[in-house]
Each structure stands twice: as C-alpha cells, then as structure tokens.
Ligand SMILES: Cc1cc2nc3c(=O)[nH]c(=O)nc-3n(C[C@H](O)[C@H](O)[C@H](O)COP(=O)(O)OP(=O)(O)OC[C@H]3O[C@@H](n4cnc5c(N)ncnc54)[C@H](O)[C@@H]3O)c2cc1C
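The chain that follows stands alone, in the form predicted alone, written as structure tokens.
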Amino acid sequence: MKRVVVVGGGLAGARSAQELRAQGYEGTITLLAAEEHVPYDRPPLSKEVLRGSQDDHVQLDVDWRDLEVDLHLGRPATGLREGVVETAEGDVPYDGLVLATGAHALRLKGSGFPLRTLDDALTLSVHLTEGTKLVIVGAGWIGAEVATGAAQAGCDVTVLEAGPAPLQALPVEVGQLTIPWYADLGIDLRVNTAAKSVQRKAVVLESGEKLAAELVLVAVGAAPETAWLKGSPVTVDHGVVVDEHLATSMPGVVAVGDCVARWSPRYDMRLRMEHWDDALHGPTVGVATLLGKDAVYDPIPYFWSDQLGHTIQWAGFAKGADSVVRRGEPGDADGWAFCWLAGTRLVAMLTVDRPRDLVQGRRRMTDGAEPDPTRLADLAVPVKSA
C-alpha cells in the first residue's frame, strides 16, 4: 500500500493520519477536508468559542509537516469508485481509503442557525450579547451547552424540546431530573413543545403559535455525511455500514467517527455513536484494519457534556436492564449517579459531577462486573470496590 487517502477534516480524519504513521505506514497520505480550516476539535465550539474565547482552543496538536500529510482544504469528496475519490478539482487515486466525513447538522424549514462547524460558532458568538432574545430548538447536548453559555452572557434564553424531557438520548427519568437546572440559570425550558419552522424573528410551533426571537439556534441532531457515496460500492444505511473491524463493504476502505454505523458483537446490534470518544479512538482500529492487522473496535459507549453548571457523563447501554441503583440523590452537593443492572451485571451508568465514579464504572462494565447493589448505592464505597 503506497497511497492512502483520508476523506474528512475533523478529529477522526486527523487521528487517522496520525495512526497511519504511528503504525508504520510509510507511503503518501492525502487528506481531503471539506472546510477551509485546518482540522480542529469540535467540543470547544459550544463552550469556549461560543463564549467569545479565541478559536485557538479548537486547534489539534498535530504537526502536519512532520507527518508528511498532503492537506487539501476546502476540497470535499463528491463521489467514489474503485481506486478513485472524485472531487470538483479532479480525481484523487488511492489504494487505501479512510472515510471520516463526520455528520452535518439537521435543519428546520426556514432560517435559523446550526452549530456544527467553527464558522457556525464564530458567527453565533457575535450575537450572544446581553439582552438578546435567543430561542434554542432542541434540549439535547448541544442545545443545553449553548443555553448555558448564552444565559451566562446575559441573553434571554428559551429552549424548546419536543419530548417530555431534555436529553432524549438518555432514559427519560434522567432527563427530567435536569429540568430544574434550566430554571436555576433563568432559562425558560418548554418541554412537549415541537417547533415546525423558523421564520424571520420567530419560531413557528406545531400548535400554530409563533414565538418571537432575535436569534434562533436549531439543535435537533445530526445526520451522517454520506450523500457523496450514493452510487458507490460502499453500503450506507443510516451511516457507513462497517463491521467490528471498521471495514466497509468495499475492499481497502475503512470508516471511522460520526459517519459510521458499526456492528457491535458486545451488544449484538448495529450502533451509530456521535461523540468525541469514537473519533478519538476508532482510528486506531480502522487504520490497523486498513494495514492488514487484526483489530476489533467494540468499546463501552461513552459520552459527556458540561452544561447548566454540571458535568454529565454516560457509559454503557441500558437496553435490557431490569433495575436501577441510585448512588446518592439528585441535588446532593457531592453529585449523584444512576447505575443500570441487567440481572446482577452492571450495564450502564450515568454520573452527575462524579467523574471518578464514571471512570471506575466504565472499567468494571468492560470486565463484566456484578456489583453488590447495597454497596453500589453507598457513596462512601468506591465503585471499583462495590
């Protein structure tokens, strides 16, 4: 293998280039990035950058010259056929290919700002000033993080959530416990309130009501960036379909990061995760597979968020759980946690302001731990000892 092309200029693409060199690949590396910016990290976009900090917070610690990577910024892939990535500036040949195109923000009918890219964050940050009437559609991870920064900047913030509670990716009983956090910051949270479209200076609700707004952020999720693969030999089904080795249906092609729908032997199902942890660690396995090594990517799912004055972390998969152990109580000064058990086995854990618990719980889940529920509920007992 002498020519590897990486399609995608985010963290997953950058980590793929690093892993190629770290795992001994000595051929050429070409990286095609859709954005004009050098590959950067996304978590700071809804935090430091949106709150007015300089965008150097997003820069990745990557020496592109040392890696000998041929960077093509502002050059998205437009198609794929065997041995060739198509772009508007011409074909790029390869004999090894990494797909790391990530995802794009979903939109509502009409106008409204998304938050997915550095340019999005820089544009929004200019408008988040004291007194600005901001409406955020969606109380997921991004919606809550932006609401936090906007409220701290003195904006008049309203958050609309179509479901019965924030954080619909989590069990509803967890999301409901975050509702008081919004009021603590003076944010008007409206659950069971679906938005239909965004008009100039207003959000139109499904009920027909119009909600006035000077600025509207649409934070209703993301979809994998796969349209460019239509008609190619790569199988796509709610993401690039890969096996546990991160290999696609096309020989010599692997996929990593947010664009992936991966098979998990651990859970006996296909998963599509959209978080930083997969973009960081997936390329180690994807590149190993590309180079002909035997590697499997099947981690315990993990994600986190700093929002509304709290740090939320989640690990595991609660499907099949038949009991929940509370570790502390919501509102405790030292934080709290929920632990899901399937029979006697720990299968999922959520912590609020208890990062050490999450680290220990994630390791114990990997080991197939069967904790004592009474000891697990006791904050004085470390999770690893429960």
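So that there is no doubt, residue numbering starts at 1 and follows the sequence shown. Small disclaimer: the values here were computed from a predicted structure and weren't measured.
A second form of this protein, the form predicted together with this ligand, is not displayed here; the remarks below concern that form.
K.L.:
Of these, 216, 315, 142, 254, which has a heavy atom no more than 4.5 Å from this ligand in the predicted complex?
P.N.:
Comparing distances to this ligand in the predicted complex, the residue within 4.5 Å is 142.
K.L.:
Can you work out which of 233, 154, 221, 76 has a heavy atom no more than 4.5 Å from this ligand in the predicted complex?
P.N.:
By the 4.5 Å heavy-atom cutoff, the listed residue in contact is 76.
K.L.:
Would residue 51 count as a contact of this ligand in the predicted complex, using a 4.5 angstroms cut-off between non-hydrogen atoms?
P.N.:
No, residue 51 sits far enough from this ligand in the predicted complex that none of its heavy atoms falls within 4.5 Å.
K.L.:
Answer with yes or no whether residue 332 is in contact with this ligand in the predicted complex, where contact means some heavy atom within 4.5 Å.
P.N.:
Flag for residue 332 set to no.
K.L.:
Does residue 383 reach this ligand in the predicted complex, with heavy atoms at most 4.5 Å apart?
P.N.:
Residue-level check for residue 383: no, no contact with this ligand.
K.L.:
Using heavy atoms and a 4.5 Å limit, would one call residue 43 a contact residue for this ligand in the predicted complex?
P.N.:
Judged by the heavy-atom cut-off of 4.5 Å, residue 43 is in contact with this ligand in the predicted complex.
K.L.:
Among 167-175, 242-250, 225-233, 130-138, which stretch has residues with heavy atoms no more than 4.5 Å from this ligand in the predicted complex?
P.N.:
Heavy atoms within 4.5 Å of this ligand in the predicted complex occur in 225-233.
K.L.:
Between 86-106 and this ligand in the predicted complex, list the residues on our side with a heavy atom within 4.5 Å.
P.N.:
If the 4.5 Å heavy-atom criterion is applied to this ligand in the predicted complex, 86-106 yields 100, 101, 102, 103.
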